[in-house]
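In structure tokens, the next block holds one chain alone, the form predicted on its own.
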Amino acid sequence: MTSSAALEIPEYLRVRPIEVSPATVIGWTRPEPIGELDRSCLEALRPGDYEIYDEKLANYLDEAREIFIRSGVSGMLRSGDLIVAVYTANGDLASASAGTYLHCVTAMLPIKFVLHAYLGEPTVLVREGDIFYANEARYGGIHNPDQMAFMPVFHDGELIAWTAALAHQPETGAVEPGGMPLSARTRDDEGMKLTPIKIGENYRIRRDLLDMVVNFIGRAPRMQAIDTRARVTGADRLRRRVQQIAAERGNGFVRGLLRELVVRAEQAARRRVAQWNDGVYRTAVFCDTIGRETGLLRASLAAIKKGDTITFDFTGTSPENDSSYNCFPHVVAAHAATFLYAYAFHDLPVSNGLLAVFDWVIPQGTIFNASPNAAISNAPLVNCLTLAAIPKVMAQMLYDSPSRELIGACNGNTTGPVVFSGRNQYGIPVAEVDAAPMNTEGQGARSDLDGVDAYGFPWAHAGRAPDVEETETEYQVLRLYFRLRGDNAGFGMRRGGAGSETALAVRHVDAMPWNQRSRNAKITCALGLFGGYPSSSCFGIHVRGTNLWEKMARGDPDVPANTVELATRRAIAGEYRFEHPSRPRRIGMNGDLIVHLSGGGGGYGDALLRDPGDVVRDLKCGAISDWTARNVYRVELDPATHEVDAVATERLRAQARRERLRRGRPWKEFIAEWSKLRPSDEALGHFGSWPEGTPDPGKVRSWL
């Protein structure tokens, strides 16, 4: 009998998936050490080289981005919620044309994974003409709807750079349409998850691998096939442009230029951070849903600033749960970068050199550092907490600094997308996100400016709402109204930007499957700064069995023009359901109305300090109501002229200040009363222990 020690195990039985730890992946967000080759290429740059070719590269990036947008069909892609980027040979982000800064972080991580795992692997390798593809969060992505194509750039046989194109895809073959299923409890419920794989060689996509990818997406195969090619087209155009520079100036020049972009970003970021006050800056923010049910979640953040470095410590954040509202640490870094690139470091190169100044402490087992098999498809929604916490601590850090004007309140990030699927009016299978409300949320206010109304998507500051008439032409919906939402933005000395509201009617088909995800039904995480109000929370309305088409055919004058009219006047017949904005998959019948409310931005400063003339302008444009003008801003209008009554306004504001003083309590007295308060057991079902937020050791999770 042969001993077990003498047995030879075949290679195919020894193969295991390559595992990379969360600490390794978030470590890849920092620039790689500069090698001797890159250092010599840096030193060879001549005066003016950087300035000229940085601008030329930016133009090439914008060209590739526009080609990417024009080549694709999905709503998020056409909205510009994407990135086209160029990377150093070792995977560092050098520059990007970014609709969303989110992917400035994540798009480089699969490249570094390929370099880590496959560069020397003889069955894979990295060759000229290769095309890679990925959407797996464990290897650097956000969640599986975010798909990317990336390509190595060779010239004269030398790997000199990488290019990539990434955009959100509104279908993944998950257990629910839309790729972000509310019912998901493990990764197995979330559909296609591609580790970085090679889908093309010799600059051509392999048909068998494209068919494999499309096969995952049965609800919208046409969209998947077209948008996969669009990603490759965007990455390939940029690849050609980088090779053009190499042909003009040489490989060493390209290496030096790309590395210089990373180095300059780091140097500038360190100089700026060094000007800010050392200290520890703390905040805690909350949301109230994990999609399929309500439940309080908390993100605790301490920002430790010392010298030219900042450590973000998320100790005290709620434990992971068995929903899809979890993520991995690099996803938190990516969401932090969404705000940092746009505000505190808005004028620096879009490079991961900026990220060299940040360290991360994200405890394992929390919603921000979940188990490998946890569901994570709604990672962007749970990171509404990150998008709220980072502006709060950065405002404290920057307030008494030369960078004070770079402070901004939290942008509207309280809504969740409506996703519809089925066959459209032309019989084509579709699955699409209604990107218009998501790209018209309100911007947070600043110390010197109101937030922009309907400014865009909090994940994509340069995004734009798709043409709504094109949406109606392509899909089985009619938009009854689409407008700014009143009393939605955070009030303050500077008002947050108003978000939008819309009502979709099912049209041209008998029925349409749809769902919606959200995370702010009772409280909002779009917080204000320094006394500014938060934005309003969101809710859902579904009107079934309507007589909408009959009323429109008659030309009835009472067809509602906004959500308040729809809800209060009930001019449209039907069954009205007022509900949580997270709505699992259901069937909408022809004529049904689905209301989607998007978030407003946080306010800045004391509302009693707002100029009364600005309050009047807000009234006239519908941003606020008469009630808000009098009861929040304490502005009195002359009933005859509708102009500000300055004397009465000052009297109202003085009275409000006296009321504040009367309600005030000494700290010890306040905290003694406050500490006795406790949310209900129902609210704390996913919070962890109160108030620490530590996991319940007796709670068994479904993926174990």
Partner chain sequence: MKRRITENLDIDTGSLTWHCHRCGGALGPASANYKQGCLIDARDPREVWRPLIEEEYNFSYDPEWMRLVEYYCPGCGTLIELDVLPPGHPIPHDIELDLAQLAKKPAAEEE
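The structure displayed is predicted, hence computed values, not measured ones. Numbering follows the first chain given and starts at 1. For clarity, a rigid core is taken as the largest C-alpha set superposing within 1.5 Å between two forms.
Note that the form predicted in complex with the partner chain isn't included here; everything after this is about it.
Would all three of A344, V468 and F482 be in contact with the partner chain in the model of the complex, where contact means some heavy atom lies within 4.5 Å? No: none of A344, V468 and F482 comes within 4.5 Å of the partner chain in the model of the complex.
Would Y533 count as a contact of the partner chain in the model of the complex, using a 4.5 angstroms cut-off between non-hydrogen atoms? Taking the distances in the model of the complex, the answer for Y533 is yes, it comes within 4.5 Å of the partner chain.
Partner proximity in the model of the complex: R241 to the partner chain, non-hydrogen atom cutoff 4.5 Å: R241 lies outside the contact set for the partner chain.
Spell out, yes or no, whether the shortest heavy atom distance between P691 and the partner chain in the model of the complex is within 4.5 Å. Because a heavy atom of P691 falls inside 4.5 Å of the partner chain in the model of the complex, the answer is yes.
Close approach of D278 to the partner chain in the model of the complex, 4.5 Å, heavy atom: Yes - in the model of the complex, heavy atoms of D278 and the partner chain come within 4.5 Å of each other.
Which residue, D359, D487, E128, D189, has a heavy atom that falls within 4.5 Å of the partner chain in the model of the complex? None of the other options qualify; the answer is D487.
So which of I52, V647, A672, L677 gets a non-hydrogen atom within 4.5 Å of the partner chain in the model of the complex? If I apply the 4.5 Å criterion carefully, the residue I get is L677.
Since the chain is shown here on its own, which stretch among 253 to 261, 394 to 402, 204 to 212, 143 to 151 would lie within 4.5 Å of the partner chain in the model of the complex, judged by heavy atoms? Flagged stretch: 394 to 402.
Sequence-ordered list of residues in 477 to 513 near the partner chain in the model of the complex, where near means a heavy atom within 4.5 Å: D487, F491, M493, in sequence order.
Inspect the rigid-core superposition and answer whether the C-alpha of E575 shifts by 2 angstroms or more between the shown form and the other one. Yes; E575 is a residue whose C-alpha shifts (by 2 Å or more) between the shown form and the other one when the cores are overlaid.
After fitting the core, E158 CA displacement of 2 Å or more between the shown form and the other one: No, the C-alpha moves less than 2 Å.
Once the core is aligned, please say if the CA of Y481 is shifted by at least 2 angstroms between the shown form and the other one. It does shift by 2 Å or more.
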